[in-house]
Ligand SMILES: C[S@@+](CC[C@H](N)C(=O)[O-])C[C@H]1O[C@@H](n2cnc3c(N)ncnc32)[C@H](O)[C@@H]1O
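Take a look at this single chain, the form predicted on its own, given in structure tokens.
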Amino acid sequence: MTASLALDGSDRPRVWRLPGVYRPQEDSYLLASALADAGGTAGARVLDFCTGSGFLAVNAALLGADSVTAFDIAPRAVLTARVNAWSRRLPIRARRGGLDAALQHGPFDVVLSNPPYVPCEGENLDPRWDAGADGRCVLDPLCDSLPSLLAPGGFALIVHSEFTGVDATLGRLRDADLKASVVARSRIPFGPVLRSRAGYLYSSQLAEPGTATEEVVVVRADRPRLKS
């Protein structure tokens, strides 16, 4: 069953962040809630890919993860995540790097990601959220890497917008022999970033003209256990 949630983060741990680091917001809270609902975090090895402030890493550690490895390409994000881990004495290691680096530290029991997923015209103006013409320049490589990132029996939770192509994500994961489904969703008004991209969303037919809300979804992918 898919949960329908509207979250404000009031019941979530607060994190410190440097200027320019992605601020936890509705998509972060939706993913954190899906993680709590999923269970299976206690004693797990967890990857938080595109960690930003380390908000999801902190949530995973507070849910009992044995270890959390948090990756981001932005030095300010890595420093922010380290401070948030250190201030709580949590088992989080924040590292700078992309998928190639994350793959060297796997496999993991749980993979979490709130990647950049906003479709944009031309060059990616802000790597915190811009992700190419279809919003999938980070998401597609991540989906393709999950069979290697996940240990047998492990699962991933990835959050992104309806404008990024939910069916495309599900299809890509299933093509990689992972079980995939939408496990949480929330409809929210356009924020400042999407309002600034609205013209492109309409002209590229990613959104109907006049649309002013987006559905954010959490997709779960499970790697089957090895057959005995």
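Don't overthink the numbering: it's just position in the shown sequence, from 1. Model, not experiment: these values are computed from the prediction.
One more form of this protein, predicted together with the named molecule, exists but is not displayed; see below.
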The stretch from 86 to 94, 71 to 79, 103 to 111, 150 to 158 that lies within 4.5 Å of the named molecule in the predicted bound form, judged by heavy atoms, is 71 to 79
Interface membership of residue 56, the named molecule in the predicted bound form, 4.5 Å heavy atom rule: yes
According to a 4.5 angstroms non-hydrogen atom cut-off, is residue 50 in contact with the named molecule in the predicted bound form? yes
Closest heavy atom of residue 128 to the named molecule in the predicted bound form, within 4.5 Å or not? yes
I'd like to check something about residue 138: if you look in the predicted bound form, is any of its heavy atoms closer than or equal to 4.5 Å to a heavy atom of the named molecule? yes
Would you say all of 165, 192 and 196 touch the named molecule in the predicted bound form, counting a heavy atom within 4.5 Å as a touch? no
Identify which of 41, 186, 169, 28 has a heavy atom within 4.5 Å of the named molecule in the predicted bound form; exactly one of them does. 28
Within 87 to 117, which residues come within 4.5 Å of the named molecule in the predicted bound form, counting heavy atoms only? 97, 98, 114, 115, 116
